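Same chain, two forms, each on its own as structure tokens: structure 1, then structure 2.
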Structure 1
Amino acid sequence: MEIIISNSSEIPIYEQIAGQIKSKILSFELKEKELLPSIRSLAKDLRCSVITTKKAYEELEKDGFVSMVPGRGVYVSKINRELALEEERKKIEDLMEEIIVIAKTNNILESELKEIFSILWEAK
């Protein structure tokens, strides 16, 4: 399983890991009941702390994306993908609302926001 960590990112490493695994689950790259790498194995592969990978898996479990079975491993849970995607859409809407408030406070035009978004979108 390929996961790319950026040490220069403001996003904590455990969130980067959890986010990428969540994306793989939502895109069907990881299937229901699929066994994920062990906490130690993932930490070794990513060259990060076992505590970091454990926290990532705990976040995913809390959100219902994986099940941690003591002595057996971490498995992809059965999830309502549409409900999970709707949750992600809501997060995007919340962030966009913050952006709009900042833009309006600073007299930044909608057209400028669209241009910034387009540039950033193409860069990813």
Structure 2
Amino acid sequence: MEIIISNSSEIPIYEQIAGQIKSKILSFELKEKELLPSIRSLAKDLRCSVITTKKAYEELEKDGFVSMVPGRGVYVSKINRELALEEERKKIEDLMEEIIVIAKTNNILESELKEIFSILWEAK
């Protein structure tokens, strides 16, 4: 499993970790019931604090991606992939709504938005 952390990123490290594990679960790279590294060994290997990895796993547990069994470890949960993806889509919708509100209050046109979007999309 590969996890790449950027210390200069604006995204908090725990979110970076949680996000990457989440996408690995969604893409079946991590399978159901698979044992994930412990909070402490993950912290060691990523050279970050224990609190950070703990927070990442807690975030993932909250969203139903993993379950933490005290004394045994962290396992990938059985997830409803469609449902999980649906939730991700919902998040995108929410963010887009926010964009549209800002655009409309500033009289920015739809075509302009699409242009910005395609430029950013290509750049990533």
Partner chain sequence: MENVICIENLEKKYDNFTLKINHLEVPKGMIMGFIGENGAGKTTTIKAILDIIKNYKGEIKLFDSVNKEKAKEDIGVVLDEAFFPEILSPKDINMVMKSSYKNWDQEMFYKYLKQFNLPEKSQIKTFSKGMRKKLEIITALAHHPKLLILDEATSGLDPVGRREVLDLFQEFMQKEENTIFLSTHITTDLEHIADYITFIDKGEIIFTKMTSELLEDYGIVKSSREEFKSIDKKDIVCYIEEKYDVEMLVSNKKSFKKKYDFVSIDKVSLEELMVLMIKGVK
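Definition used throughout: the rigid core is the maximal C-alpha set that superposes within 1.5 Å between two forms. For numbering, take structure 1's sequence and count from 1. Quantities reported herein were computed from a predicted structural model and do not represent experimental measurements.
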- Query: Only one is the form predicted on its own; which?
  - Reply: 1
- Task: Align on the rigid core first; then say whether the Cα of Thr105 has moved by at least 2 Å between structure 1 and structure 2.
- Result: no
- Rigid-core frame, C-alpha of Ser6, shift of 2 angstroms or more between structure 1 and structure 2: yes
